[in-house]
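The form predicted on its own is given below as one chain in structure tokens.
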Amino acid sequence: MPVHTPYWWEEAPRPEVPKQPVAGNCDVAVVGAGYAGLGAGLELVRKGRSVQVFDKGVAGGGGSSRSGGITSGNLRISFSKMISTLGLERAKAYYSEAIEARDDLAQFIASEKIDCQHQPVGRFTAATRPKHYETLAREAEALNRHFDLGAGVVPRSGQHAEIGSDMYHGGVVRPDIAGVHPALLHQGMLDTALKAGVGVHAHTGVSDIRREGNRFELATSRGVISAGNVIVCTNGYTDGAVPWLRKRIVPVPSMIIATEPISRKLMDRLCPKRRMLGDTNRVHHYFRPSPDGTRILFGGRAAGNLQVDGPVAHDHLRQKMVRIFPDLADVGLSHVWWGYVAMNLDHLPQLVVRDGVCYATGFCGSGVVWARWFGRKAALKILGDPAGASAFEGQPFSAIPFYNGNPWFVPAAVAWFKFLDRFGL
């Protein structure tokens, strides 16, 4: 039977941060100790600010150490659709920032010497239907024309050079996308932040944030603190401490399974170039070789009967994996786990300042790139640095009607998207 904790935690168990006193006052308080919170804290401390980062659980125990580790920096709205709905200049601004954020993450990993198995292998997105192939090809042409990304179209006749499956109808290669070990990336960021002087307080929940004059008071499980500024980086793990944000963020569970080790010969057949992989379904799947090339990690929607640490149903995900890769029918699973991604009504990452609080959130399943990027942007805004400007500022961040933190509508939405996928609509 597979264990029900992330495969990534085998090499990078979630650390217990040394407990330290909570200061009664600080320049900036950050809620959430994932990529975004640590990215914000590191930037601020290096500019001379006193920073305390609070997390209600273990540092990095949420999405930052549970993802597929694909540095996509995806935007859920395609570049072509953005051009038609928002205009060329605004579309270019959004997609230019995505490129900059991906590049910045790679530079950060290199400059900080974080050993997180960063592998710039590219990503192959497979077309589940012939018409999807045409859409992918048009999108690749538009991206190449405006950004010179080097995206390459692969017809069905040549797809075995990218993926050992007959299920698809060709696809597109994006050479600018990489893979990382997400838990090692978080561990490297945490070690760097602690060394720089960021105060990180794990198992210290924040239950309330309120403005008191030109400062803020945060009620934490270890006392009340006063801070000059606040950054909220809770993303898919947002709770009632920030009710304004909770009405705008939908936590959607995503699950990943990891196979038992497979032979190099089989891996060569399934993933000949060791790329990151995905498909074009609305209820899409993302998959990849493990960084050491010994396993397939396969992600997608989670079943409904989720528990924090207990066994969860995963047969649906295994069945889908075997449909794509029949060669895996007799291969066992070693790990099954899940975590929350944060979706929102506007389908775009958010960098918002409201009533003096900065929110870096809503990464829509692409937080490996966006989380640290927007955490750092929020820090720069507090510092008054022009580099804190973002194309994503000032966009709508709509509340979801009849929603106050309980995502009652998610099962129905998933069922509808599955229906559309089934009939190619």
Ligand SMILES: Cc1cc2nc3c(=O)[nH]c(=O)nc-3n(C[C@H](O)[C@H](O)[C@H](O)COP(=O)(O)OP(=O)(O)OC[C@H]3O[C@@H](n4cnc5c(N)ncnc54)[C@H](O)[C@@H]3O)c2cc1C
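One rule holds for the numbers: they count along the sequence shown, beginning at 1. Owing to the predicted nature of the structure, the values given are computational and were not obtained by experimental measurement.
Form predicted in complex with the named molecule: not shown, discussed below.
A.B. asks: So, 31, 56 and 70: all three within 4.5 Å of the named molecule in the model of the complex by heavy atoms, or not?
C.D. replies: Every listed residue reaches the named molecule in the model of the complex, so yes.
A.B. asks: How about residue 363 - does it come within 4.5 Å of the named molecule in the model of the complex, if we only consider non-hydrogen atoms?
C.D. replies: Output for residue 363 is yes: heavy atoms within 4.5 Å of the named molecule.
A.B. asks: Is there any non-hydrogen atom of residue 379 lying within 4.5 Å of the named molecule in the model of the complex?
C.D. replies: Although the named molecule is absent here, residue 379 would stay clear of it in the model of the complex, with no heavy atoms inside 4.5 Å.
A.B. asks: Flag residue 259 as yes or no: does it have a non-hydrogen atom within 4.5 angstroms of any non-hydrogen atom of the named molecule in the model of the complex?
C.D. replies: No, residue 259 sits far enough from the named molecule in the model of the complex that none of its heavy atoms falls within 4.5 Å.
A.B. asks: Can you tell me whether residue 358 touches the named molecule? I mean in the model of the complex, with a 4.5 angstroms heavy atom cut-off.
C.D. replies: No, residue 358 sits far enough from the named molecule in the model of the complex that none of its heavy atoms falls within 4.5 Å.
A.B. asks: Thinking of the named molecule in the model of the complex, which stretch from 88-96, 289-297, 108-116, 229-237 has heavy atoms inside 4.5 Å of it?
C.D. replies: Selected range: 229-237.
A.B. asks: Scan 337-355 and note down the residues that get a heavy atom within 4.5 Å of the named molecule in the model of the complex; none is a fine answer too.
C.D. replies: Contacts from 337-355: 339, 340, 341.
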